[in-house]
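In structure tokens, one chain follows: the form predicted alone.
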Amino acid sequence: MSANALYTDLSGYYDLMCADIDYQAQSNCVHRLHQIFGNDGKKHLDLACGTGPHVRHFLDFGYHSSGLDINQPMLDIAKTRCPEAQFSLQNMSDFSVAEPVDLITCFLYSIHYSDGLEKLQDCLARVHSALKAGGVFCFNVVDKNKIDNDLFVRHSAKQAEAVFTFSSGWNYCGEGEKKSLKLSIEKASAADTQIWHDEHAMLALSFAQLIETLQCHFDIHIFEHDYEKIIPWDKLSGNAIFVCVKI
């Protein structure tokens, strides 16, 4: 299965694949962080928004929320979920907005979809340009030097008469700026069992590299990857939430 197949042909299964994600907790946490570090504005843009679950929560918080993604079938679902929001088919490394916004988010490690450090720098420049003064960019990220290739997450969910089992894990060879996200989907029904495997090439970078790239654009605040509590990063863990305030 190709990457495009996973996110286009199976876009109807995407929400099932993410059924174990606590979108409410993630959105609440970032909303609180924006209240602490932001400019009190309510214009929001979600990069790599997928089917729009985070956008839905920000709309409910009272934001004027919008989203962008590179897959139209995902955006079609997002528009059904959030009819009052604006969605656009754009790449996050080369996007534009009609008017500056107060908060830009990028959930689910999607910042790693940048195709190399140069594309990440392009993305950050676009984010900086799209934010109002004092605007906030918030995203989660993993440090390539702390990846354990043996770790993976797995969950199952039922749809109609089939049981789906999803598993995913990071893999990094130990050098360079490429890592992969390994995914598998198993669909079991009374008739048969189907299994798809996929591997996404993603950007690998260290927190030190990321901080160096960010600091020319933003004031940087780093927190532990805990959406229930706001805890400063301990400088040891390789999984964190970055809150970046436009300089």
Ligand SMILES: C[S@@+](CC[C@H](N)C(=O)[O-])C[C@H]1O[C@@H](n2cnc3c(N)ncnc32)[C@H](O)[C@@H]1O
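Numbers follow the displayed sequence, beginning with 1. Computed from a predicted structure; not experimentally measured.
Quick note: we don't show the form predicted together with the ligand, though the next part is all about it.
Contact between Ile70 and the ligand in the model of the complex is found at the 4.5 Å heavy atom cutoff. None of the heavy atoms of Tyr227 is located within 4.5 Å of the ligand in the model of the complex. Although the partner is absent here, Leu205 sits far enough away that none of its heavy atoms falls within 4.5 Å of the ligand in the model of the complex.
For Asn171, no non-hydrogen atom is located within 4.5 Å of the ligand in the model of the complex, even though that partner is not displayed. Of the candidates Ala78, Met92, Val101, Val136, Met92 is the one whose heavy atoms come within 4.5 Å of the ligand in the model of the complex; the others do not. Within 4.5 Å of the ligand in the model of the complex, a heavy atom is found for not a single one of Phe37, Tyr63 and Val127.
Only one of 150-158, 127-135, 83-91, 171-179 places residue heavy atoms within 4.5 angstroms of the ligand in the model of the complex, namely 83-91. The partner is not shown here, but in the model of the complex the stretch 13-33 reaches within 4.5 angstroms of the ligand through a heavy atom at Tyr14, Tyr23.
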